[in-house]
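Here's a solo chain for you in structure tokens, the form predicted on its own.
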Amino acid sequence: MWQGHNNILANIKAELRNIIIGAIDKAKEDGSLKIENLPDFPVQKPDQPEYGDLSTSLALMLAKEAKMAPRKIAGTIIDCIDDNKLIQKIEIAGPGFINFFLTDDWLHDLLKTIHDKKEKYGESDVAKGQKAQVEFVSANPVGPLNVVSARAASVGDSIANLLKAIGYEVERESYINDAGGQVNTFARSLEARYRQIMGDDVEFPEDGYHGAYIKELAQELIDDFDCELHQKSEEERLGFFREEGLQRMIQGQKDDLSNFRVVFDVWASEKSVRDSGKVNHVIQYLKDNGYTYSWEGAVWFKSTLFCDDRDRPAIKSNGDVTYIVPDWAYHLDKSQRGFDKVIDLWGPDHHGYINRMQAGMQALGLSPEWLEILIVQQVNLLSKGQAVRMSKRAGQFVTLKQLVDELTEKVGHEFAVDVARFFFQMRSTSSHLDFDMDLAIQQAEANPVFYIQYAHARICSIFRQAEEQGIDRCNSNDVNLGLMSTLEERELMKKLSEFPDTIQDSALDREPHRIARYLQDLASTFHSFYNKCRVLDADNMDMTKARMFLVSCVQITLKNGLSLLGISAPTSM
């Protein structure tokens, strides 16, 4: 019936809606139901399996206009539904819910589809032909990436995977803030550490970067360029530290991200944006279109014309542009590169910049929907129940590399990256996240990553045992899926059916934590099935083949879901 369609559940819901609409039309024609307008009504999975496969609350929605009790409306609708091979039975529940119990044909078609689609199962083409860019991390290159940037890396990479899964052509980009005051402060910090290492009695800048990495980098530069540094003036050294120091910090960030399975297609540069003249172009455009005015020696942008709460300075009284202007120029460049959708992930300290950013985009002629800004909230790293304080200037912060290295010591590198990426994505990006190091290193059921991966590894073990027993994997033509009728089997199949919708909803809402939650539910449903239903049974080979076919579909779905989150699917644990 539905074999070959990737999202069978969505198609089933659509067919059931059409059946219900047909019944409503029939009831209106015979006068048993008097309504003018049919509202948009839900067809969804009930909370409990005893309430059927799908349910609708339409009868309750129609009660006021029809001037009938919801249960009577439900009965009228059911009476007008003709026999259909999709529906096994229909029941009225509670105040008037209509619960549909479906035949198992759609579940069998689902398994055949998963088996055929394999790594493509769950994907769709709802955004086919559209081009999206996801910009994330975009940390200042004046220090190593901390755990907040690590969370942004995990989430941003998964959002890009999800967008690709629904048909977008996706580009990953990170923006290097290699211009501005923080870069000069970084250079002065390196210069001070250099002079201290060389024995000079100099004070460290009060606003400098105090982390141990500054001293380590200064020593590294001395080791590599000792003779050259001696011959340079202080001003020349500052320029050298600014350029060479930044390049080494940026390369370090790239290496740490690659080690975290995050690779960008493009690394953009604020300095390049400024040097290109695009900033001046933006300022001139705003002036020419009447979006600026002068006050107290500065140039102000009329941000309130675009729903901002107040106007914003664009050029300071000293002639320097403000922080936001290069960002406007950078995003204007993105639009000129042909992206239909741009999604930025910003840190928790940038929330106040959203309105002025959006206002600038609208002034430059872009629609409010073109740019979407997500705030990646703070991470509280817990070790032995205590929060680890983080401050880049004070030098008290945990880096991405330190986190991965510490986890690697306990659980190995592969699982260290897996657990870090998963933990960073367990909650919505708009929620603060507690990262429990003690839980992360547990290789037990309490650790959700282990729990999910163990489900995949357990299935791989089943197939190894089957091979040892001489049992071959079957294709859909050699298996009787109708043999599977237990509650555990049906619930597992129904859980598999939710995967395409979960991907689409997660992608459109930019919420990879839904995939993480789905995988936990699927693993739980599988483990319950495994504990109740014997897969390999030498005395019942037909059932063995059917259940092997089912668990192979679980294996495919688990691996596809983990891949979306950038997490491995181990074959043994």
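Sequential numbering from 1, following the sequence displayed. Everything numeric here is computed off the predicted structure, so don't read it as measured data. The term rigid core refers to the maximal set of C-alpha atoms that superpose within 1.5 Å between the two forms.
The same protein also exists as the form predicted in complex with the RNA; that form is not shown, yet it is the one meant from here on.
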Taking 26, 124 and 174 together, does each of them reach the RNA in the model of the complex with some heavy atom inside 4.5 Å? no
What is the one choice in 350, 410, 195, 215 with a heavy atom within 4.5 Å of the RNA in the model of the complex? 350
Considering non-hydrogen atoms and a 4.5 Å limit, which listed residue (269, 322, 292, 88) is close to the RNA in the model of the complex? 322
Taking the shortest heavy atom distance, is residue 32 within 4.5 Å of the RNA in the model of the complex? no
Taking the RNA as it sits in the model of the complex, is residue 277 in contact with it (heavy atom to heavy atom, 4.5 Å or less)? no
Consider residue 531 of the chain shown here, and say whether it contacts the RNA in the model of the complex, taking contact as heavy atoms within 4.5 Å. yes
Residue 432: heavy atom within 4.5 Å of the RNA in the model of the complex? yes
Options 75 to 83, 94 to 102, 329 to 337, 231 to 239; stretch whose heavy atom lies within 4.5 Å of the RNA in the model of the complex: 94 to 102
Along 170 to 189, which positions have a non-hydrogen atom within 4.5 Å of the RNA in the model of the complex? 177, 179, 180, 181, 182
Answer yes if the Cα of residue 335 shifts by 2 angstroms or more between this form and the one not shown on a rigid-core superposition, and no otherwise. no
Is residue 446 among the residues whose Cα moves by 2 Å or more between this form and the one not shown after superposition of the rigid core? yes
Aligning on the rigid core, do we see the C-alpha of residue 381 shift 2 angstroms or more between this form and the one not shown? yes
Distance trend in the model of the complex - C-alpha atoms of residue 442 and residue 462, change of 3 Å or more: farther
Over in the other structure, so in the model of the complex, do residue 442 and residue 146 pull closer or drift farther apart at the C-alpha level? The difference is 3 angstroms or more. closer
